[in-house]
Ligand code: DGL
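Okay, so here's just one chain, in structure tokens, the form predicted alone.
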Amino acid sequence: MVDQQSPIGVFDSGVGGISTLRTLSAMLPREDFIFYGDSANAPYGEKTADRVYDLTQHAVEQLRSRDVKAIVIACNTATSAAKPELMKRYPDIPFLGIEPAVKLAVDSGKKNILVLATPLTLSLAKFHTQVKRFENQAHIYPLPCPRLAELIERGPAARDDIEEYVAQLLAPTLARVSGEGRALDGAVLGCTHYPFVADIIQRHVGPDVELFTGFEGLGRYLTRQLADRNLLRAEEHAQNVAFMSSKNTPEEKALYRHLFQYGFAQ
């Protein structure tokens, strides 16, 4: 039975959604959360859209078995590939998704915007429609990042490999932007894994480039959705955050807890 005391479900293809969870739990301190990470099948960004839908539906069933009152799809790829069909299939539960914060970057006045995301996210029609919408307001540079989410799944021990990978990944695009006589002023972290290595990305794009995730806007929207359904928890209590994983090992659960508490610090 779902009521105000029911937890909020947060789902990601792996550890990335824990970055979103950290923001949501801070913004909604009275609410309990259950995080499900499909780390056994991570990453999603190089799978087909149909496969992503099947995996996401399974994750939703895991969260529904815990009587969650809302589900946040903290995965840009799964949001793009699966959210509309999930809303039709489960009309009794509010679904919220994260997507690349291109609008937020454009609305802030940025003119030369890098969008880092998975290959699947950048290939779907939803993203192309978004870019088309803003083509007269900003220069948008999509950059597929194969393997980056996979490296982040390995945890803080992979920082050196991630540093090398990001440097090699960004170099051609940064050279292209410079060759066009422009300078980046915004970078959208279009996968929830990427905020864990925001410091590495910032170091390579430069200190004057503002990074965007859209997590705070998602938190405000979640609050409104729960309030509209009279599902916001009213009383103060000690927040509980639980973790579930398809890769159900003590090491994976320990990584989830570490990332939630400390981020990508070793």
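Here the structure is a predicted model, which means the values were calculated and not measured. One rule holds for the numbers: they count along the sequence shown, beginning at 1.
The same protein also has a form predicted in complex with the named molecule, omitted here; what follows describes it.
Mapping the unseen interface onto this chain, residue 214 falls outside it, with no heavy atom inside 4.5 Å of the named molecule in the predicted complex.
Residue contact with the named molecule in the predicted complex: residue 44 places a heavy atom within 4.5 Å of it. For residue 149, a non-hydrogen atom is located within 4.5 Å of the named molecule in the predicted complex, even though that partner is not displayed. Contact annotation: residue 191 falls within 4.5 Å of the named molecule in the predicted complex, judged by heavy atom distances.
With the partner left out here, the named molecule still marks one of 75-83, 88-96, 123-131, 170-178 in the predicted complex; by a 4.5 Å heavy atom cut-off that stretch is 75-83.
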